[in-house]
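Just one chain is shown here, as C-alpha cells, and it is the form predicted alone.
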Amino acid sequence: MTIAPSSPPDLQDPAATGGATSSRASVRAALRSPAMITSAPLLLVITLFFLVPIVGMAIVAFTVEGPDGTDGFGLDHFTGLSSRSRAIVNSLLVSFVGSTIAAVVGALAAFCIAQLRHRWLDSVVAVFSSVLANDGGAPLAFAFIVTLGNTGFVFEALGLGAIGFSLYSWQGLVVMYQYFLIPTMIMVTLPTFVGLRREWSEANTALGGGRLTYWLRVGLPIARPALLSGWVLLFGAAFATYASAAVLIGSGAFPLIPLTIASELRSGASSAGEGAAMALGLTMVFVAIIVLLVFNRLQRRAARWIR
C-alpha cells in the first residue's frame, strides 16, 4: 500500500484560505471606510484622554512596595480605603439625597410642561435645561455664596439662620446641586411625558378607568424607565461633582471622594497619597461605567414608547 504525499498547505483547504482572505479584506475595507476615517479624531481623543489615563491610574493603584523595597502587584491601596470611608459615605449621602429630590421635582416640572402641549415652550425648556445642566463649577458656588451664604441677601431675607440652615454643609451641597440636577431631570424625562398619547388616556376612560387607573397601569409603567434612568444619571453627576463643592466647603470640613482625591494628590508620593488617590479614582470610574450602562439600557426601554 502506498501513501500519497501530502499537499502543500495552500492547496489543502481552498475554502478556509479564501475565508481568511475575505475576512482580512473586510477588515481593511472597514478601516478605510468613511465612517472610520471621520471618527478617527474622536477615537484618538478617547484613547488619549480616557483609556490611557485609566490604564495609568490602574498601574499606580495596583503597584505597592514590597518588604524588600521592590514594587509589585497588590491591593494595599484599595484595602486602605477604609480609612477614607467617611468621604465615601458622604459622597453616597449627598448623591442619593440630591438626586432623589431633583428627580421628584424635575419629573413633576417635566410633567406639567408636557401637559401644556406647546411646541415653542418645549423648545425653550430644552435649550435652557441643556444650558443649566452643564453650568457649574466655581461661578455656581460663588453665586450661591452671594445668595444663600451666611451674609447672602436671600439667607437674611428668609431668616434661614433661625432654622439652622448653613450653605457650608451637606444640606447646602444638596441645595446647590439642584441648580443643575433638576434641569438634567427635565431634559431626560420631558420627551417621555410629551410622548404619552391622548389615545391611551381616552381608551382608559372608554373602558371605565379613572385617572388613577391610567397612571398606575399605563402612564407610570411607560414613564418608569425614563424616571429611573434620570435618577441614575443624577446620582452619577452628583457623585462626580468637584469644582463647586471644592469652592463651597473646601477639602477638610466635609470630605467627599473628589475632594479627597485632590487632597491625596497634593500630599504626594511621600505619604502614599498618590496610590490612594488612584484607587479612589478607579472606584469613581467603576461607578461612572455602571451609571452609563444602566442609563443607556433604561433609555432604550423608554425610547420604545416615544417613537
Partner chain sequence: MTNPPNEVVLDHVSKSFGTTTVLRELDLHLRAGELVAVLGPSGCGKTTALRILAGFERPTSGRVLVDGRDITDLPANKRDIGMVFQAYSLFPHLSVAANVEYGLRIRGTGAAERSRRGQELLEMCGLGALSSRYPHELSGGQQQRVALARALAVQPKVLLLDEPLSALDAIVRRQIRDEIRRLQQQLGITTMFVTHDQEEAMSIADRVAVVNHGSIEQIAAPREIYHRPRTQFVASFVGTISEIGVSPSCGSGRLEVHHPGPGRDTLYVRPEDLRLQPEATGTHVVVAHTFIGERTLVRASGDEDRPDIVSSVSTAEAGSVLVGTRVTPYLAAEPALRIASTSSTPDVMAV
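Quick caveat, the model's predicted, so the values are computed rather than measured. Positions refer to the first chain, counted from 1.
Although it is not shown, the form predicted in complex with the partner chain is what the next lines describe.
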Would you please decide whether G72 lies within 4.5 angstroms of the partner chain in the predicted complex, comparing each non-hydrogen atom pair?
no
Is R86 close enough to touch the partner chain in the predicted complex, meaning at least one heavy atom pair within 4.5 Å?
no
Should T205 be classed as touching the partner chain in the predicted complex when contacts are defined as heavy atoms within 4.5 Å?
yes
Answer for E199 alone: is it within 4.5 Å of the partner chain in the predicted complex, judged on heavy atom distances?
yes
Interface stretch in the predicted complex with the partner chain - options 88-96, 157-165, 219-227, 74-82, non-hydrogen atom within 4.5 Å:
219-227
Can you tell me which bits of 290-304 touch the partner chain in the predicted complex, meaning any heavy atom within 4.5 Å?
R304
